[in-house]
Ligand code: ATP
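Okay, so here's just one chain, in structure tokens, the form predicted alone.
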Amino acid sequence: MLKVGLTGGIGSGKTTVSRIFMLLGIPVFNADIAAKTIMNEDEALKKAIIRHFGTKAYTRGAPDRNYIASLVFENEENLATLNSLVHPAVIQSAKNWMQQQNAPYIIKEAALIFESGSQEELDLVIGVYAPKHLRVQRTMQRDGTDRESVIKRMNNQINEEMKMKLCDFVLYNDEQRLLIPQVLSLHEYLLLQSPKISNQFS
């Protein structure tokens, strides 16, 4: 089974692309959703986060995301600490999920594939690209936040152009090129590259 990563900066449209792959019958692991679940359910992780960020990090047993965000998005050391706690658990969760799948290929959607080093576990990585002004606009509309907050979050990620150079394929979600035909073309290519499909014709 081919293991494919899907990444891109905030507001690039990763989730939109993931939904298209899901409509094509491809299983998708969403690292952001997994991280939220793990932060809610993993008692050891809860204790570690509270130890580093204080009791206000959790309210009634659930993470206070606004409070945690206020601590990490403007402090590189705090962000690195949070990532060092959460990323290993998410990476292991993805591995467990992959072992349960039976498809020609699977998608792991994650904003921080290269930042977390999880590309080492993947066969290919797809990047979703959108120019900065579109990503800012989309994120402001989606999250109901201001431009300054979005820019701060962007500054905590690898430069978008650099990230795309690290990817094996790039899908352009720039409102200039149609996205669905790009995904369909890549889907056909990935099916041909899949060992599961290849073995059927060998």
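Here the structure is a predicted model, which means the values were calculated and not measured. A residue's number is simply how far along the shown sequence it sits, counting from 1.
Note that the form predicted together with this ligand isn't included here; everything after this is about it.
message: Just to confirm, with a 4.5 Å cut-off on non-hydrogen atoms, which of 165, 142, 52, 56 contacts this ligand in the model of the complex?
response: By the 4.5 Å criterion, the partner-contacting residue is 142.
query: Of 175, 64, 41, 146, which one comes within 4.5 Å of this ligand in the model of the complex, counting heavy atoms only?
result: By the 4.5 Å criterion, the partner-contacting residue is 175.
- request: Give a yes or no for residue 185: in the model of the complex, does one of its heavy atoms lie within 4.5 Å of a heavy atom belonging to this ligand?
  value: Answer no; every heavy atom of residue 185 is more than 4.5 Å from this ligand in the model of the complex.
- prompt: Taking heavy atoms only, is residue 46 within 4.5 angstroms of this ligand in the model of the complex?
  reply: Residue 46: no, not in contact with this ligand in the model of the complex.
- prompt: Is residue 194 close to this ligand in the model of the complex, meaning a heavy atom pair under 4.5 Å apart or at it?
  reply: The answer is no: residue 194 has no heavy atom within 4.5 Å of this ligand.
message: When the contact criterion is heavy atoms within 4.5 Å, does residue 20 count as touching this ligand in the model of the complex?
response: Heavy-atom contact with this ligand at 4.5 Å: absent for residue 20.
field: Residues within 4.5 Å of this ligand in the model of the complex, restricted to 11-38 and counted by heavy atom
entry: Sequence-ordered list: 11, 12, 13, 14, 15, 16.
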